[in-house]
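Next comes just one chain, in structure tokens: the form predicted alone.
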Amino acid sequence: MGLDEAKRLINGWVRREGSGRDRLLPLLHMVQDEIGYIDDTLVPAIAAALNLSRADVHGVLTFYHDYRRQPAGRHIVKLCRAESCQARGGAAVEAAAAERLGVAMGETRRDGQVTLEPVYCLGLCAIGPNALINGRPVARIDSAALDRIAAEVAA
């Protein structure tokens, strides 16, 4: 989607949904849902549409981890980094996942097949370490689970 088309999308949404400050999060969600991520070049258009400063929009965009500023891979693997999962071997799982998936934490593999991201607590602390694979929770991540995940994202 080009910049002009994205601006039309934003302005159309604002006409339908309103332009108050409270519309920033819903607008960011809409842009991400429609485009897949929120490109930095859209920040001025979003700020203008809601009568906010670029700093306001940038601050919100960078505060929340679920907003993407670059396209994600075809598969998204999120590994829990909360204390409980870390106490259950999360750091070793993360290192093994990065090796098996061929991508560092916080990155998308060059072929665009998989993105590996941290997530901070999935609410499954008693059965960690945990992950979200394309939005599906997976508990008790171990070597066998990593093999299944690697096979799933390779498909």
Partner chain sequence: MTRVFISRDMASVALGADEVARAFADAGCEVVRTGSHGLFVIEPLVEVEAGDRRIAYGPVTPADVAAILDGTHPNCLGEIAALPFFARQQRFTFARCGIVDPLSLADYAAHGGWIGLDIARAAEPQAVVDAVKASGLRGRGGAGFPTGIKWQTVLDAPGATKYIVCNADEGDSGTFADRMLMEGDPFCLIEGMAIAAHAVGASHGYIYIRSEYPFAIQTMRDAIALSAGRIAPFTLEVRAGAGAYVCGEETALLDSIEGRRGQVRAKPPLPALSGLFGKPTVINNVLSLAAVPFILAEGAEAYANVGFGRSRGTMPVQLAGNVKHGGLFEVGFGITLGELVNDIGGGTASGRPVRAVQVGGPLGAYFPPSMFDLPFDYEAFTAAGGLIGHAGITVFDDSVDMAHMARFAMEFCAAESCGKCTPCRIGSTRGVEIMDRIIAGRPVPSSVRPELVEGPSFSADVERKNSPSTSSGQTGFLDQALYSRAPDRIDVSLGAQTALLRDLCDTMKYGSLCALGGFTPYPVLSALDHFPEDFGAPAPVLAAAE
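Positions refer to the first chain, counted from 1. None of these values were measured; they are calculated from a predicted model. Under this definition, the rigid core comprises the largest set of C-alpha atoms superposing within 1.5 Å between the forms.
Same protein, other form: the form predicted together with the partner chain, not shown, and the subject of what follows.
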Practice task
Although the partner chain is absent from this view, report whether Glu107 comes within 4.5 Å of it in the predicted complex, heavy atoms only.
Solution key: yes
Handout entry: is_contact(Arg81, the partner chain) in the predicted complex, heavy atom dist at most 4.5 Å
Key = yes
Exercise for the section: Evaluate Gly36 for contact with the partner chain in the predicted complex, applying a 4.5 angstroms cut-off between non-hydrogen atoms, and reply yes or no. Expected result: no
Handout entry: Non-hydrogen atom contact Val119 with the partner chain in the predicted complex at 4.5 angstroms
Key = yes
Practice task
For the heavy atom contacts within 4.5 Å of the partner chain in the predicted complex, list the residues of 109-137 involved, in sequence order.
Solution key: Arg109, Arg110, Val119, Tyr120, Cys121, Leu122, Gly123, Leu124, Cys125, Ala126, Ile127, Leu132, Pro137
Practice task
Classify Asp142 as shifted (yes) or not shifted (no) between the shown form and the other one, where shifted means its C-alpha moves by 2 Å or more with the rigid core superposed.
Solution key: no
Exercise for the section: Inspect the rigid-core superposition and answer whether the C-alpha of Ser53 shifts by 2 angstroms or more between the shown form and the other one. Expected result: yes
